[in-house]
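Only one chain is shown below, in structure tokens, and it's the form predicted on its own.
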């Protein structure tokens, strides 16, 4: 799992919702503030990550940054 994989999933969610894709992300990228995700976007992100990596990133609480996602996938 790397940043490029997460960026691809994030951009898929953004495309599905008719929102502008992100060009780059880092571990400090905020899902709500920087990417512009709302609760529906976060729900789709969770489903996509769980389907691809068999990990529920929200199992132990809310993730706020890309770094939070990476930590859960390690």
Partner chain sequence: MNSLFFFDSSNNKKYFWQELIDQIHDSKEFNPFCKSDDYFEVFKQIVISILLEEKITLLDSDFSHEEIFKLTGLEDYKSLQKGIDKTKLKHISTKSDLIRELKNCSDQWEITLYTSGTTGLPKSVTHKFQSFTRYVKISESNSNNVWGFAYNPTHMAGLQVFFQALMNGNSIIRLFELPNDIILSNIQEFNITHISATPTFYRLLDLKTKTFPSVLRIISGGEKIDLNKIRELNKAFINAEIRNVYASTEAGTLFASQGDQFSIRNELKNFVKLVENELHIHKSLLGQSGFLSDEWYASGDLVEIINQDPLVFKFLSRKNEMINVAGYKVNPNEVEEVIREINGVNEVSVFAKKNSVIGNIICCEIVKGSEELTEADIRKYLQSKLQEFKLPRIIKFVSQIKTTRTGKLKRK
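No experiment lies behind these values; they were computed from the predicted model shown. Positions refer to the first chain, counted from 1.
FYI, the form predicted together with its partner chain isn't displayed, but the following is about it.
Is it the case that residue 46, even though its partner is missing from this view, gets within 4.5 Å of its partner chain in the predicted complex, heavy atoms only? Close contact exists here: in the predicted complex, residue 46 approaches its partner chain to within 4.5 Å, heavy atoms only.
Please tell me whether any heavy atom belonging to residue 58 falls inside 4.5 Å of a heavy atom of its partner chain, as the geometry stands in the predicted complex. Because a heavy atom of residue 58 falls inside 4.5 Å of its partner chain in the predicted complex, the answer is yes.
With the partner left out here, check for me: in the predicted complex, does some heavy atom of residue 13 sit within 4.5 Å of its partner chain? Heavy-atom contact with its partner chain at 4.5 Å: present for residue 13.
Is residue 42 close enough to its partner chain in the predicted complex to count, meaning some heavy atom within 4.5 Å? Output for residue 42 is yes: heavy atoms within 4.5 Å of its partner chain.
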